[in-house]
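Given next are two forms of a protein chain, the same chain in both, each as structure tokens and marked structure 1 or structure 2.
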Structure 1
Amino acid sequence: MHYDLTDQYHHRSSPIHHLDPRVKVVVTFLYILALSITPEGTWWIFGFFLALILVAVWLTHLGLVFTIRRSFIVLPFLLAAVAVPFTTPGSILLRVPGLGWTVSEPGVVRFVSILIRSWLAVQAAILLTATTRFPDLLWALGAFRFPKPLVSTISFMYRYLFVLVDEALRMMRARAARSAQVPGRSRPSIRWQGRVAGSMVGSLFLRALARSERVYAAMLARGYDGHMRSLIRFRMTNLDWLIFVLAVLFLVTPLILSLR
């Protein structure tokens, strides 16, 4: 293997790392669900949820800016909501001169709420993957009776993604060996490079399909019957139940207060 595709797990000796993966999966799901149903513009609840994330990160000994620094990956995806301030009806907050566009106050509140929700949800997902090994996550999904084909597909993707990347690296190495660079000549056009890249993607798909058949045949020869067996077993402890109950209380209480 010429490429390292280790997951985002960061080993620490912390209470969060030692929690049952089922607790972490459920709490993360409830956290994201609580964010999605938080009323727009209730900034104190968003601040409270941010404080919860920071406290959890502090307990993991990963550093307070661990999730914040990695969560900015969500910003490019928010371009899909950039039109919300211009299309939401309400009191006009700003007019764009020369274009006739208007920015409404409810639209700005909705856009900022979407931004905060997405940003905090990504932080929760990052914290989950940083404190839980990927096989443990798959075990937790199986324990919750997720569809077995879905869990198996995710497991195979995790186990054999490096095979696909290694195949792509071999193709790129072969292309480099057959593409000598002549000093003084200009680089090929973008159209030519795009055509070559498209051909490589198609060839990679065919090679990956053939490679997957060989991998599957090797698994059948070693006793694979459609079920991924594991020696991992977890049991809920008193600490797991305590953390679960406290997390539910901290997530539900501010939502109840906001409805009053």
Structure 2
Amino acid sequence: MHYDLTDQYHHRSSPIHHLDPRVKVVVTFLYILALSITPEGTWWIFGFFLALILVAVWLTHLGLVFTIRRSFIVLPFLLAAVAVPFTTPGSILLRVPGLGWTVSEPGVVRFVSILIRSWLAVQAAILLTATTRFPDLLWALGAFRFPKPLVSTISFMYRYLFVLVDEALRMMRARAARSAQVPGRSRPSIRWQGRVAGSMVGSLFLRALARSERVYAAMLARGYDGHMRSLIRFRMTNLDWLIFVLAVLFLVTPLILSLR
């Protein structure tokens, strides 16, 4: 998995960017939930949900393939589901020559459904972070009564994430600079290398601890009383409500129709 440590938020002036973050969080979560509830093999619903996400992406002015380009990060995990076509009982589609393995039809349907669900879900999540600033996103979580200390901790983590990652990168660069390899000489043992990595982690921990003391002292000096305050405020406009209701309708209707 490749973390792109540049800002995940992509600023545009689009209707989606201007939506209340609460609407975006709820709709994203409902979208993923709806995908999860959609019965296996109801391809028209999956198609409809794909159309929904494409419309949403088009509205953001980010370019139609924006989410698709980044959605392949779920691919490695597909390995976990790769046995499904072979192990699910059902009518046999084909046999693997030589091995005697059989591919069943319900197995293939389940596998493709899992593939589509995770592919669409990750696109929705990408869209959420690309159109919502992370502090606004956390504010929305707080507004939904997610435990406050947890939300504050995450927002704090976000502030210092890149500082500490920078520190870790510097340490790794320093290690690389001192680890020239002489051709013909054997490499140091794995255990030794592991200990070096462990020492790096340990000293990174001590630095983080020391930094947290400094930060806490600075916060106290500025009047910190155990509560994090934020200037972020959003009000639900009529447009926010309209889009929320529309989105819920679009998500619920096909599911109800599929029950018939």
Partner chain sequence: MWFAPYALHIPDGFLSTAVSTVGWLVALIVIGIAIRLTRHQLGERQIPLMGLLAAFIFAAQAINFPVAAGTSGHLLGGTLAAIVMGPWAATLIMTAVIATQGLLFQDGGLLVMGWNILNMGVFTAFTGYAVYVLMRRLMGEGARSRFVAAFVGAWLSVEVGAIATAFELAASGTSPLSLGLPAMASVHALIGLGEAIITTGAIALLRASRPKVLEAGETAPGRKGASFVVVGLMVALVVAILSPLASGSPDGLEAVAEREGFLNRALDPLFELLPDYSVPFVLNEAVTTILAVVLGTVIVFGVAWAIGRATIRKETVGE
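Rigid core here is just the name for the largest C-alpha set that superposes within 1.5 Å across the two forms. Sequence positions of structure 1, starting at 1, serve as the residue numbers. Because the structure is predicted, anything quoted here is derived from the model rather than measured.
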#### Entry: Which of the two shown structures is the form predicted together with the partner chain
2
#### Entry: Is_shifted Arg69 between structure 1 and structure 2 (CA, 2 Å cut-off, rigid core)
no
#### Entry: Threshold 2 Å Cα movement between structure 1 and structure 2 at Arg222, rigid core reference
yes
### Message
Using a rigid core fit, what is the CA shift at Val196 between structure 1 and structure 2, in angstrom?
### Response
4.3
